[in-house]
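Below you'll find only one chain, the form predicted on its own, shown as structure tokens.
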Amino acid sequence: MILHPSVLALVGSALLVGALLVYSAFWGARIVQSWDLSSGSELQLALERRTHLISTLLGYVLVFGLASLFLFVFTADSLAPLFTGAMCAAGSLHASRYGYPTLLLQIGGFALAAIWLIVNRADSLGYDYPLVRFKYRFLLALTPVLLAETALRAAYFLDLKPEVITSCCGSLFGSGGRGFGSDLAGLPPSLAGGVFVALLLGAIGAGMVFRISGRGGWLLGALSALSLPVGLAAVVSWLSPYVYELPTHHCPFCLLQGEYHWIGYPLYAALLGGSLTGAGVGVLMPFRSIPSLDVELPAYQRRLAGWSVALLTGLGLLVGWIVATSHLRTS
């Protein structure tokens, strides 16, 4: 393993997070099995105390997990000079067979953890813990994903060897190469960009309608959820060449470098944040009929929709600015 401060921090924190997740999942299973708010038993009182502790604990754990996605990519990018052939995080991740699976699993874990935090916040709005069983069943499904992510992350860093010769982003994300990155780069740019812009405008419009009328939550959730994978694909096939002003350069990782003003960080943060807050509105739609949430939950959903509209609008303005100021011109 490469003894880099960020690597040690990511591996050490992953082990700690994994242990806390196992502890939380154990009590989550007990809560799902034995929760009975009408009971005054000693077990029920213990579970009520535990749910406050676990919710607080998981809040910190999952927020750190969200931040670790960006730290992981930043670390992979900073390791690039150690590998022959690597120019950015694309080459560092390719230096081990665990690199890209770890990244994909982290993105999935990021999305699921964000939705859990949204559901957990909604549960705290009701006086009778109305979503307690749902959120702990969700936790039991989420825990294996996050533990697998932890294991893969450790395996990736342990597998790294500086003597490995890896590939540069030009070959990994070149339209003439082979692999998933090349397939994304080979998508028709006008089609990928058009679908992404249409989804973005649709999600913003649905969010504004929901903020005003409280209607269209399912549509907002669906459009927001779709905008995440479509947006990531559009960055590779359509948007990146405008940043680099080179039609053959499709790397999604060079956007995170100082040479390009670190524009990838606000770009990806707005895409992830806007998509997931909008998707959270849709996830919460089935619970609007619960009596203890009939007032607070719609107001919370409107706040989520507001965040989604603000972030996706910011994303749209940033994308528009990139395209408008680029010297690249397509036919």
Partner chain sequence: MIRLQDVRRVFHQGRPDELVAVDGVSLHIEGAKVTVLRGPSGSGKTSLLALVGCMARPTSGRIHVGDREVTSLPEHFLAEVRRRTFGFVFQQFHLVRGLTALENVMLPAYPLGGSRKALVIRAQGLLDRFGVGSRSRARADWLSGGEAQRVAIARALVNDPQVIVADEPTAHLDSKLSAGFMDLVAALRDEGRTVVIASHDPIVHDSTVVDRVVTMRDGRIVGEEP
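Positions refer to the first chain, counted from 1. All values reported here derive from a predicted model rather than from experimental measurement.
Keep in mind that the form predicted together with its partner chain is not shown, yet the notes after this line are about it.
Quiz item: Of the options Ala111, Leu228, Leu125, Leu201, which one has a non-hydrogen atom that comes within 4.5 Å of its partner chain in the predicted bound form?
Solution: Contact with its partner chain in the predicted bound form is made by Leu125 alone.
query = Of 128-136, 111-119, 243-251, 91-99, which is the one stretch near its partner chain in the predicted bound form, taking non-hydrogen atoms within 4.5 angstroms as near?
reply = Of the stretches listed, the one contacting the partner is 128-136.
For Gln33, is any heavy atom within 4.5 Å of its partner chain in the predicted bound form, or not? Gln33: no contact with its partner chain in the predicted bound form.
**Prompt:** Quick one: does Glu42 come within 4.5 Å of its partner chain in the predicted bound form, counting heavy atoms only?
**Reply:** Contact with its partner chain, yes.
Counting only non-hydrogen atoms and a 4.5 angstroms cut-off, does Arg288 reach its partner chain in the predicted bound form? Outside the cut-off, so no.
Sequence-ordered residues of 46-63 touching its partner chain in the predicted bound form, heavy atom within 4.5 Å
Result: Glu48, His52.
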